[in-house]
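Next up is one chain by itself, shown in C-alpha cells, the form predicted alone.
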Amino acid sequence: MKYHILTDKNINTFLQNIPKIREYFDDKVLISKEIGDGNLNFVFLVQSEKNPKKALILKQAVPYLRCAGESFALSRDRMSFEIRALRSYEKFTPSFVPKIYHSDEEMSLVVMEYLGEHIIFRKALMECRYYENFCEHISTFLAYNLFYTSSLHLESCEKRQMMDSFNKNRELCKLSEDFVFTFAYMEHETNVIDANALKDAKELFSKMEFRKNVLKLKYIFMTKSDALLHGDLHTGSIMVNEKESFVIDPEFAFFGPFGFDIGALIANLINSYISHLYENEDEKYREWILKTIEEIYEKFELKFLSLWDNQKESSLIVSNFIDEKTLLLYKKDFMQDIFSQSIGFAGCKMARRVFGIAGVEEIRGMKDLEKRADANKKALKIGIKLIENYENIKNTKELIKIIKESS
C-alpha cells in the first residue's frame, strides 16, 4: 500500500481492511486517540466502540522528527528497523515484547498489543513502586537477545545477513553519535544550560582528557557490531506491572557493542537514584534501586555465560580449537570487557542528559531549581567518573561504591 499518514479520520478504514485486525475487534466502528509523548513517532490507542476493553496500539513513523516538526526531515526507515527488532525479540524472548498483530514497512507502521495494565518503568520509579520480578525479566531479555544475535551463536554468513537488515539505520545511529557522544560535552546550539549551571558547563567543556575517553567510547559505538541492540534502552522504553515486563520502542535498533544497552539502562537507574535523594525520603527505596542495578548485571552475566557454555560451536569458536582452561580465561576477559564498556556507556548516557537536548524527566522536571541544579551536579559528577575510569571499574560493588560516594 502506498504510504500515507494516518489520522483519527482514516484509521478506522485502514484497520478494517486488515483481516486479523478486523477479526480481533469484531466491530465496524473503532475509536482512535493519539497518545504519543515521544520525540519521533505518532502513537494511537485504537478501541472498539462497543467494547472499549478491546484495544490495540498503532504506531506510525512520519517523514520528520515529531518533536521538531516537518522542518526537521527524518527518514521513515526507522520504523522498518523497529519492526525487524521486535520480530527478532519475538523469536528469542516473546514474553518480554508486546504481541504484534500487523506490521507494514511500506506504511511505516506496526499494530501491537495494548499494555493497558502496565506502566512506563520511569513513571513507576518516580512513584516509588517495587517490581521484584524486573531484574529477572530484563536480564533475560538482555542475555538472550544479545547472545543469540552475536557471533557466539550465529554462523558467520547468518550474522552478516542479519546485520545487513539493520545497517541502513544510519540517521538514528548518527543521532546517538551526535547527542550521546558529542554535542553535550561542547558548546552547541542544541544544549539546554540553566543560568546557574554555566560554570559547570564551561568546566565540563574544557576537560580534554575526559573528551578523549568519550572519543574512545564513541569509536567503540561506531565500529563494534557485537549483537543486535535496542539502541535506546532507557526506563521510558520499558513497561511493567507486578508480573510482566515489556520492552518497547526499538527504532534505534542496530548491530553494536554488547555493553551499550546495558549501560543505558544502568545510567537511567542511577539518575532515578539521584532524583530520589531529593524527591523521596525513603532510603529503603533508594537502596532497592542500587540493588536492582547490581542484580541486573549479575543475572545478565550468569545467563549469558550459561548460554555460551551450552553453545558447542559458532562462527567464533570451533571444536578442539582451544582447551577448556584457556577458554574459561578467555570468557572471563570477554565478560570483563562487556562490563567495562557498559560502565563507560552508562557514564556517557548520564553526562549527556545534564546539558544535552534530552534530559531525564525525574531530574529536569524538578520544580525546585536548587534541588534540580544539585541533582544535575551529582549526575554529572558520577557520569564523568564512570567515563574517566570505565576501564578500571571491575565489578558492580565498585560501581555502587562510586555512586554512593559521589552522591
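Note that the structure is a prediction, hence the values are computed from the model and not measured. Residues carry their position along the shown sequence, with the first being 1.
The same protein also has a form predicted together with another copy of the chain, omitted here; what follows describes it.
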Contact with another copy of the chain in the model of the complex for residue 177, defined as at least one heavy atom pair within 4.5 Å: yes or no? yes
With a cut-off of 4.5 Å between heavy atoms, is residue 132 one of the residues that contacts another copy of the chain in the model of the complex? no
Residue 72: touches another copy of the chain in the model of the complex, heavy atom cutoff 4.5 angstroms: no
Residue 123: touches another copy of the chain in the model of the complex, heavy atom cutoff 4.5 angstroms: no
4.5 Å heavy atom contact with another copy of the chain in the model of the complex for all of 185, 315 and 319: yes
Exactly one residue in 310, 190, 156, 95 has a non-hydrogen atom within 4.5 Å of another copy of the chain in the model of the complex; which is it? 156
Check each of 290, 163, 305, 100 and return the one that places a heavy atom within 4.5 angstroms of another copy of the chain in the model of the complex. 163
Testing 201-209, 108-116, 244-252, 272-280 against another copy of the chain in the model of the complex with a 4.5 Å heavy atom criterion leaves exactly one stretch, namely 201-209
Residues in 320-336 that come within 4.5 Å of another copy of the chain in the model of the complex by at least one heavy atom, in order, are 320, 321, 322, 323, 326, 329, 330, 333, 334
